[in-house]
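Just so you know, structure 1 and structure 2 below are the same protein chain in two forms, each on its own as structure tokens.
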Structure 1
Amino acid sequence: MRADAKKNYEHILAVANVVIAEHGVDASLRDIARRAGVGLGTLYRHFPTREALLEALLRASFDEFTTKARILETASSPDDALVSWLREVVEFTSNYQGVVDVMMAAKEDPESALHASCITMRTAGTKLLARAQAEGLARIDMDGDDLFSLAAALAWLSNQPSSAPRADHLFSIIASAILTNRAGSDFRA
């Protein structure tokens, strides 16, 4: 990559981070290019789709969650590890308004630039879940996709002004459903 191109690439990314933090994932790409002092075509050259931009913005953090899962797997009890990890994922995700909708769609779309990140997250979560399940600490009628979905739902709730104040409480309600299985699993099955 040419030096000027690299500079543009990184500057766009920095500006995008600010603008998306402000206006959410649907922020105007025109606005980002404008505030970056760059032509609209330049933004599209570096990030051909909105998801490509998001991917560049979030990849590092997603990788961190994978290593964090590995650490928790050896450092904490299975149930604590699962819940702590879930809490961090939800908290991080809720910093990017609207990103959960994009992630949920990207998980099903192999063409999406965010697809790999979704699978990465699901894999990390699945391992923590399976470990808790193996010790009878998590309900067995759940898989990694269910965990992904519940995490997404919690992040979505954290992003709604209406439920954000009670986000912690809603988290604990759903966490208790995941962790304790005591005959609740066959309810209206």
Structure 2
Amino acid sequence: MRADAKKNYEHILAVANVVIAEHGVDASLRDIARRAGVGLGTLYRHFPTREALLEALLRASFDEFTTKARILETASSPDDALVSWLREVVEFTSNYQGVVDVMMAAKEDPESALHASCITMRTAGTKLLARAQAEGLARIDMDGDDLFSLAAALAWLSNQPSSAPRADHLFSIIASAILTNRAGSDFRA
């Protein structure tokens, strides 16, 4: 990629991050291009679809969650590792209104630009869950898909005006339901 094209790409992503955080995943692509100071054609050359833009925007963070899971596998107790990773995923996904719907759809659609990133992130969480299950610290009747769905549900609830003030409490309830050895009050941020 030419230096000016790379600069445009990175600038569009930075602006898209701000606009999507403000207006959600359905933010106007025209507004993103305008605020980035580029034409709509330039935006579409870099990101032919909204999903391609979201994939580029979210991929780095999803990769960080995968890396974080690998570190937590050896650096923390299995239950603390699982809860820490889950909390970070929920907090991140709740920052982008509407991203939960996109992630849940992408997880099921192998043709989706976000599919691979979502599967990689789900796999990272699954490993943390399996480690906690192997130690007898997490319920054994759930799997990585359940964990991914619970993270999505918690993030969605965080974006609902009536639930947002209780988001931490709701997280604690879910975390204590996943783990076999801790009460909900152990998970407050």
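These numbers were taken from a predicted model, which means no experiment stands behind them. Think of the rigid core as the biggest set of C-alphas that the two forms share within 1.5 Å after superposition. Reference numbering: structure 1, starting with residue 1.
Between the two chains shown, which is the form predicted together with the DNA? Answer 1, the form predicted together with the DNA.
My question is whether L43 is one of the residues whose C-alpha shifts by 2 Å or more between structures 1 and 2, given a fit on the rigid core. Shift at L43: 2 Å or more after core fit.
Aligning on the core only, does the CA of E10 end up 2 angstroms or more away between structures 1 and 2? Yes.
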